[in-house]
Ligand code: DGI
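Take a look at this single chain, the form predicted alone, given in C-alpha cells.
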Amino acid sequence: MDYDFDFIKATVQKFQKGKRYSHTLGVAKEAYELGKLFLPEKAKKLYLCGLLHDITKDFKTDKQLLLCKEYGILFDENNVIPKLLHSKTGCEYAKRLFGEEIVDNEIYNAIFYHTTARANMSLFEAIVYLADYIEEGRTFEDCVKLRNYFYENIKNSNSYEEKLGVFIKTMVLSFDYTIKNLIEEEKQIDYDTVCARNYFLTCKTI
C-alpha cells in the first residue's frame, strides 16, 4: 500500500510541536530501519506507525480520560497511570482521523502497546516499542545505553537468528531499565510490562 506521508506528517504536526514532533520523526525513522532488518516487507508501514504512535501524547489528562470514556476504553478510575493513557487513546484517535484502511489492526495494536509492551506481542508491535525507546533523539541515559547495546551487538551478528536474539535481549533490558526506574521513583508498574518481561525472558523467537 502506498501512503501519503506528506499529508500524514502535516496532519500529525497539527497536534505536535518542537521536540515532540522531532521525536515522532525519530521514531518513524528508527522503526523503518528496524523494519529493514527484521520485517523488510513492512518497513514503510512501520514508518507510518512511528508517525502516528504519539498523536494524542500532548493532550492533557482530563481530555485523555474523556476520550477513554467516549471510545469505551476500560480503565480503573482509582488506578490511572496518566503517562500511559496516550497509547490507549492514540490508536482510536488515529483510526478515526485517518480511517481503518490506514490504521488497521496491526497498527492499532502497535500504538496501543507502544508504552507498556505485552506478552505474546507481534514483531511489528515490538519494533514500534523499541523504536520509541532508542530513536536517535533520545538522550536519557538508559535510552543511550540501550541504543548502544543494540547496535554494537547487531554489528557482530551475522545471521537473522543472531540478530533476532539481540533484539529479544534488548527488549528484556528495556523492561529492566523501566521497572528499575519506576521502583526507584515509587511509581506504579503496569501489569502488561511485567508480563512482557517474563515473556521475552523465555521466548526464542518472535
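Note that this is a predicted model, so its numbers are computed, not measured. So that there is no doubt, residue numbering starts at 1 and follows the sequence shown.
There is another form of the same protein, the form predicted together with 2'-deoxyguanosine-5'-diphosphate; it is not shown, and what comes next is about it.
Trainee: Can residue 81 be called a contact residue for 2'-deoxyguanosine-5'-diphosphate in the predicted bound form at 4.5 Å between heavy atoms?
Mentor: Heavy-atom contact with 2'-deoxyguanosine-5'-diphosphate at 4.5 Å: present for residue 81.
Trainee: Given that 2'-deoxyguanosine-5'-diphosphate is not shown alongside this chain, does residue 115 nevertheless sit within 4.5 Å of it in the predicted bound form, heavy atom to heavy atom?
Mentor: Judged by the heavy-atom cut-off of 4.5 Å, residue 115 is in contact with 2'-deoxyguanosine-5'-diphosphate in the predicted bound form.
Trainee: So, in the predicted bound form, is residue 157 in contact with 2'-deoxyguanosine-5'-diphosphate at a 4.5 angstroms heavy atom limit?
Mentor: The answer is no: residue 157 has no heavy atom within 4.5 Å of 2'-deoxyguanosine-5'-diphosphate.
Trainee: Would you please decide whether residue 23 lies within 4.5 angstroms of 2'-deoxyguanosine-5'-diphosphate in the predicted bound form, comparing each non-hydrogen atom pair?
Mentor: Judged by the heavy-atom cut-off of 4.5 Å, residue 23 is in contact with 2'-deoxyguanosine-5'-diphosphate in the predicted bound form.
Trainee: In terms of non-hydrogen atoms within 4.5 angstroms, which of the given stretches 163-171, 39-47, 52-60, 145-153 touches 2'-deoxyguanosine-5'-diphosphate in the predicted bound form?
Mentor: Looking at the other structure, the answer is 52-60.
Trainee: For a quick test of understanding: in the predicted bound form, does each of 138, 178 and 188 have a heavy atom within 4.5 Å of 2'-deoxyguanosine-5'-diphosphate?
Mentor: Checking in the predicted bound form: 138, 178 and 188 are all within 4.5 Å of 2'-deoxyguanosine-5'-diphosphate.
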